[in-house]
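Single chain ahead, written as structure tokens, the form predicted on its own.
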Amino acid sequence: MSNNVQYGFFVDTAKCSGCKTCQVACKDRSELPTDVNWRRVYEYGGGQWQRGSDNTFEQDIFSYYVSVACNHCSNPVCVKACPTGACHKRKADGLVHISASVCIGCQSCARACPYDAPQFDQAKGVMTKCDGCFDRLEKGRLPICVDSCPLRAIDFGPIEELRQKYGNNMDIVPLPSSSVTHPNLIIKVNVNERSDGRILNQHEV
């Protein structure tokens, strides 16, 4: 792993099938409780059926999946909101990390983050979140969500290299505007993207 490099994620929503393997692998690796999800897979869809005058039906139904975790933002509002410095951005790799020994569990970071990345661990009484699997990076391995994806819909690396490879787009409905935190995230937009749908699996995330 290089020093002073900003790492980030790429997500291909054209490939993602919503299988949630990345989400389960992340929970396994980090031994997360059932109500804590560092990576979440949103199912977004909408559209409707319309009945014609000849009693036939036409439809414009659509859906797609977006896998998202902490985006290790360039302007991490969670870090600004943390009163103790527990939530901080690592200098070596740009990953946003929460130090459990310093965290007081006030959940200010969770209220600030538009991506719902910080998650409160009720049993431990502290905030937790995706750490980019920095322990795996130190061993030359990719984050577990990347390695586990059966369709290779997620990639990870120095954000400048990812941008050269995949482009610069950081936005897709239903995620919030990238202008808020400048996430180190690149999104390949699904051809079905539309703004008139809703999150279909809200109870899961």
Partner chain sequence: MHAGTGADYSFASGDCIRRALAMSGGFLAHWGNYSVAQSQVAAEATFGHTYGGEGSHISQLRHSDFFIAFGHNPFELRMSGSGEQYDMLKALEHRRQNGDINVVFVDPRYTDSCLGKEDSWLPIRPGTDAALAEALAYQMISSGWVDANSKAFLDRFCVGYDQASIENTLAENPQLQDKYGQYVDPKDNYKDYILGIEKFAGSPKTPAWASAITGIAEQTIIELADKLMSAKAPYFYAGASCNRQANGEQTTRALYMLPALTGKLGQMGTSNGELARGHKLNRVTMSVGNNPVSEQLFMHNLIEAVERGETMTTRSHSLKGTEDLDTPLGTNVKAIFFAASNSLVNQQSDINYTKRILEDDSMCELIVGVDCFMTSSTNMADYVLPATTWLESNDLSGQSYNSGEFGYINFLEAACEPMFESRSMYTIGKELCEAFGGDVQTYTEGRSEEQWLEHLYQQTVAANSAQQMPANYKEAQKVGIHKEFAPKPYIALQSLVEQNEPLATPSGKIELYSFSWAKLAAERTPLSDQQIDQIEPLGKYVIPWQGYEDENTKEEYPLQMACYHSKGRTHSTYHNIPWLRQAVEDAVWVNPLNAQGLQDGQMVTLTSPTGSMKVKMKITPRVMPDVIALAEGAWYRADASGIDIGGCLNSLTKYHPTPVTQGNPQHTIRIRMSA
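Numbering follows the first chain given and starts at 1. All values reported here derive from a predicted model rather than from experimental measurement.
Below, we turn to the form predicted in complex with the partner chain, even though it does not appear here.
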Pick from 170 to 178, 59 to 67, 138 to 146, 155 to 163: which stretch has a heavy atom within 4.5 Å of the partner chain in the predicted bound form?
59 to 67
Quick check on residue 16: any heavy atom within 4.5 Å of the partner chain in the predicted bound form?
yes
Using a 4.5 Å heavy atom cut-off, state whether residue 5 contacts the partner chain in the predicted bound form.
no
Does residue 24 reach the partner chain in the predicted bound form if we count a contact as any heavy atom within 4.5 Å?
yes
With heavy atoms only and a cut-off of 4.5 Å, decide whether residue 34 touches the partner chain in the predicted bound form.
yes
Considering only 144 to 172, what residues come within 4.5 Å of the partner chain in the predicted bound form, judged by heavy atoms?
150, 151, 152
